[in-house]
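Just the one chain here, the form predicted on its own, laid out as structure tokens.
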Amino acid sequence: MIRNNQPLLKVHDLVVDYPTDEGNVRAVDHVSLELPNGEVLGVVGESGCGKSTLGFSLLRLLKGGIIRKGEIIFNGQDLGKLSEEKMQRLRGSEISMIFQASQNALNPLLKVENHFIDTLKKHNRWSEDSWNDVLRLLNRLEISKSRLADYPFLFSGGMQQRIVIALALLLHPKLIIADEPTTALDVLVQARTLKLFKELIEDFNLTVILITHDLGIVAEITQRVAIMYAGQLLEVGDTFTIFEKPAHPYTQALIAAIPNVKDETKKKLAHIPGLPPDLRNTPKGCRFADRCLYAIDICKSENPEFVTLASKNKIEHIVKCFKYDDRYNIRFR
């Protein structure tokens, strides 16, 4: 992790549960992260690994979920100790979220212009200058002001997503949480939306947590990657290192499963055999042990700790795997 400045966000030992009739689901299990100003961090993993729950936890927007333990320190504030009234003022103004399903993030009964007007008024930011800022932002995102009187359902999926991005940026928040921001779009629209988002990140020097399963997007716009599996972080490092020298067997398997369009051998796509563990009854040892090609007995009985492998550009590369822990002197097959 980056240590050279005070982090904008510090998550320490976060635990999030979803109580159900079938048992307690531990969606986030002792996760710790730091995020400095101006960094784009990708949080990557399979569906159901807890990455979206992590994002919603930061805004205290969990539906049915409970933060059992841990601290979320944002800009020097402990978010767990803020009242709901203060959290409502913070949402949008200091931390914004780009939701996965844009059609659900927009009120179908409100014209597009009212989404922006209501947001500005709610945070006491309404003025002629602020409205001009809205028009400039929408123009940047290729939304014509002539469409502001239309309802959201009259826009394409890509345009809806760009409206949601504009709403997230409207109050110039310090942190953007983007939860699968382009997953519902077709390939061409996704590429255009991603290009615009990348330009905005660079121009506004945004600090972003990008939650996704799409490693292509991660490679395109992030500086650092956190690999998540079954509620836990398994590996964190700079983006180049994660893609070129992945350390954890799970990360290696994810990278190997990326299709290579330049490969003319037409070999079968790599896949990860088996299924993730049931989060109502997580295994005692490494969460990935049952699917890991290199697992040995200790992997199934003990939970490994993070090991620091190296640093690049002052970013630590850490991995949660016995293979790299010198204390055990374990030789893997």
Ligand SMILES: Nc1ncnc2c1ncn2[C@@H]1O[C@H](COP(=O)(O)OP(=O)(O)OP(=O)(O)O)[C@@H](O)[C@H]1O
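None of the values given here were measured: they were computed from a predicted structure. Each residue number is its position in the shown sequence, starting from 1.
Beyond the structure shown, there is the form predicted in complex with this ligand, which is absent from this document and is the topic of what follows.
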Among the candidates 302, 290, 39, 46, the residue which, in the predicted bound form, approaches this ligand to within 4.5 Å (heavy atoms): 46
Heavy atom within 4.5 Å of this ligand in the predicted bound form: which of 25, 319, 14, 9? 25
Among the candidate stretches 31 to 39, 282 to 290, 50 to 58, 302 to 310, which one is within 4.5 Å of this ligand in the predicted bound form when only heavy atoms are counted? 50 to 58
Three residues, 77, 223 and 314; all within 4.5 Å of this ligand in the predicted bound form via heavy atoms? no
May I ask you to state whether residue 18 is within 4.5 Å of this ligand in the predicted bound form, using heavy atom distances? yes
Within 4.5 Å, heavy atoms only: does residue 100 come near this ligand in the predicted bound form? yes
Considering non-hydrogen atoms and a 4.5 Å limit, does this ligand approach residue 111 in the predicted bound form? no
Against this ligand in the predicted bound form, would residue 213 count as a contact residue? Criterion: heavy atoms within 4.5 Å. yes
Since the partner is left out here, which residues of 57 to 76 would have a heavy atom within 4.5 Å of this ligand in the predicted bound form? 63
